[in-house]
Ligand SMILES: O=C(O)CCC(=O)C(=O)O
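Single chain ahead, written as structure tokens, the form predicted on its own.
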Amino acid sequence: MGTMQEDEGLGYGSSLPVPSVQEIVRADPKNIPEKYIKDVEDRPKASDNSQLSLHIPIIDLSLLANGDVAERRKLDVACKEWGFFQVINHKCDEAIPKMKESVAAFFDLPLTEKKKYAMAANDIQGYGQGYVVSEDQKLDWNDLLFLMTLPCNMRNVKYWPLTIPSFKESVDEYASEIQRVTDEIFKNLSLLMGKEENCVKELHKDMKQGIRMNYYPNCIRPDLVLGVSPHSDASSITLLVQEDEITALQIKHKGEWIPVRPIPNAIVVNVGDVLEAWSNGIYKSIEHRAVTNEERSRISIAAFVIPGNEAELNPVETMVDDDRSPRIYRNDVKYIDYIRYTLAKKMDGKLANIEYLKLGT
């Protein structure tokens, strides 16, 4: 396994250490510390929008791979109108359950063992919680393990729990399969943007993959907390695998929070802020959050497709038209500056992040 220098972080930023939510629940399932209780306006509310989940686009990757024009148009509409879709027939059927088992095995470890992989003071890799920038902020009801997975020379072995049997093998296989799905989506997005099929991949320059493994404990009052606060992703796209039996992910569509009913074995894909900028706002990054469950804990696995530090986030020329689609995004932002900007703040919706990329800011 390739490794970076162990005393060097990614250079993206850091997150403050906080208590393990899993251990809080283990010690006293009825205890919800005040730091986790959201302000009234931020709490999840009962929604009657579940029927809209049926309208979330579903993309058949096997059709995309075969050059199906109608399926490519569906992808175009999904990215424009939703910023979100679920992918079926992706051929990751063997890799997904292995990865889920390895993630579950990590969170089953004793706390003393998990702490061996704790985030360093200068890094976001490792075990902890993300986007904690202040001792005073409200916290999310989750624990996570974040690892850089591709390319292999980006990996830092000190954060990898290699004492878990088959952990490395499961992550290797999963990362490779997710990269294959990513490549197919990027090829079709390139064609939709009027470019050669390798365009979107090349825009990333030194493309990376990072995987966030999430553990959401059950919560006796799910109406008071959030598993993950509302945010959009500072990636080009994100590919997520979630539990088949629990509806917890919600997306903001036309101002309403819509629960995403899992399709068994599907991969959830959302547009990130980077793709929104490259497409000059034609494709929309999606604001999303996760709620908790009173009865059951939940695991999810999010693979972020990350541009190289020097990748430029200005719009592709084919997505700019002085009359119909004038340029609204800056041409002087590099990815390293954007990711540092986002990680210096708590998760707080989409607007503040995306405005940083727009002209006039």
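Please read these numbers as outputs of a predicted model, since none were measured by experiment. All residue numbers refer to positions in the sequence shown, first residue = 1.
This protein has a second form, the form predicted together with the ligand, left out of what is shown; the following refers to that one.
Q: Have a look at 68 to 76, 183 to 191, 207 to 215, 106 to 114 and name the one stretch with heavy atoms inside 4.5 Å of the ligand in the predicted complex.
A: Single hit among the candidates: 207 to 215.
Q: Of the residues R155, K284, H253, H288, which one places a heavy atom within 4.5 Å of the ligand in the predicted complex?
A: Checking each option against the ligand in the predicted complex, the one that comes within 4.5 Å is H288.
Q: Let me know the one among I178, A95, L139, L240 whose heavy atoms come within 4.5 Å of the ligand in the predicted complex, would you?
A: Of I178, A95, L139, L240, the residue with a heavy atom within 4.5 Å of the ligand in the predicted complex is L240.
Q: Give a yes or no on whether every one of D233, L249 and A302 sits within 4.5 angstroms of the ligand in the predicted complex by heavy atom.
A: Judged in the predicted complex, D233, L249 and A302 all sit within 4.5 Å of the ligand.
Q: Pick out the residues of 305 to 324 whose heavy atoms come within 4.5 Å of the ligand in the predicted complex.
A: Heavy-atom contacts within 4.5 Å come from no residue here.
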